[in-house]
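Single chain ahead, by itself, as structure tokens, in the form predicted on its own.
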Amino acid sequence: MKTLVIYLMAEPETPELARAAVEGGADVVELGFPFSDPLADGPVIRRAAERALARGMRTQACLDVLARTRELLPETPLIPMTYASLLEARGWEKFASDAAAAGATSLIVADLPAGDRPDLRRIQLVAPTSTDERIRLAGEETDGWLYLVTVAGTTGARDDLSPALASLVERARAATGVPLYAGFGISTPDHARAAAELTDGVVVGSRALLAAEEGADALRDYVASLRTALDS
């Protein structure tokens, strides 16, 4: 069975949205901890981060949202996704231990490359521009699975699945034996199905956030459409 990862921004209503996503068929929930300069993120996630920051969602508030989400979803892997500046500000070890105490299964730090702070257990990202050596190192250091960024660019819905994915999967399979999940630019059930034919799972962010803006029912229905495509 293919793994479906859904990204949501940490806000007060996120625990209930996360539960709706899991009811729709999500296997893993990625929780965005907003940052003022999210270099990897496109307009939808950037806008969600700005809104969350305007509502006072700083690191402690995000950890509180994580803890409430963990109460609602005791079995679901929950993965904070953020940027190195937030860990630097709180203290690297303190951030990691506080996140684990609040229920985090792992971490994603979008701008912290493999090889930097190898003691910080996290899911590594690789892109079509990554060298084979970088992919091998990321595979060695990653926590459970490797996040394949399907495009050279920012997150966001696109019309077509990136043609660069197949080559990246081939290189990653040769370099590492860990599961490969594809993200960035996957927004429709057809995208999800096509990506999952090559990989072990998919990550959906921007389009899931747009569905979440319409409420829990809309998000549940959207995730269910992805789940159906992955299982067909």
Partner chain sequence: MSTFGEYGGRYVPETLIPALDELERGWREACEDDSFRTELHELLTTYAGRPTPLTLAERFAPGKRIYLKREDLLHTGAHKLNNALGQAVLARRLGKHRIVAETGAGQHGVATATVCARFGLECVVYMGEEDMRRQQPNVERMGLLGAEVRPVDFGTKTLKEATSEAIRDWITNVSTTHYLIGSCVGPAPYPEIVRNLQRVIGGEAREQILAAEGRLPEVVVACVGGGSNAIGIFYGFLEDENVRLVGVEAAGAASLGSGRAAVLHGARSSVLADEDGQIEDAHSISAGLDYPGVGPEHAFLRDSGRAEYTVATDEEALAAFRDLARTEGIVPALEPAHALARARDIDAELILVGLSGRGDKDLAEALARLA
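Keep in mind the model is a prediction, meaning the values are calculated, not measured. Positions refer to the first chain, counted from 1.
Below, we turn to the form predicted in complex with the partner chain, even though it does not appear here.
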Quiz item: Out of 42 to 50, 188 to 196, 175 to 183, 23 to 31, where are the residues with a heavy atom within 4.5 Å of the partner chain in the predicted complex?
Solution: 42 to 50
Exercise. Decide if the three candidate residues Ala67, Ser106 and Asp143 all line the partner chain in the predicted complex, where lining means a heavy atom within 4.5 Å.
Key: no
Quiz item: Among the candidate residues Leu78, Leu125, Leu161, Ala102, which is the single one with a non-hydrogen atom no more than 4.5 Å from the partner chain in the predicted complex?
Solution: Leu125
Practice problem: Give a yes/no on whether Leu120 approaches the partner chain to within 4.5 Å in the predicted complex, heavy atoms considered. | Solution: no
Quiz item: For Thr59, is any heavy atom within 4.5 Å of the partner chain in the predicted complex, or not?
Solution: yes
Self-check item: Contact test in the predicted complex: Leu73 vs the partner chain, heavy atoms, 4.5 Å
Solution: no
Quiz item: Does at least one non-hydrogen atom of Asp98 fall within 4.5 angstroms of the partner chain in the predicted complex?
Solution: no
Quiz prompt | Any residue of 82 to 99 that, in the predicted complex, places a heavy atom within 4.5 Å of the partner chain | solution = Ala84, Ser85, Leu86, Glu88, Ala89, Trp92
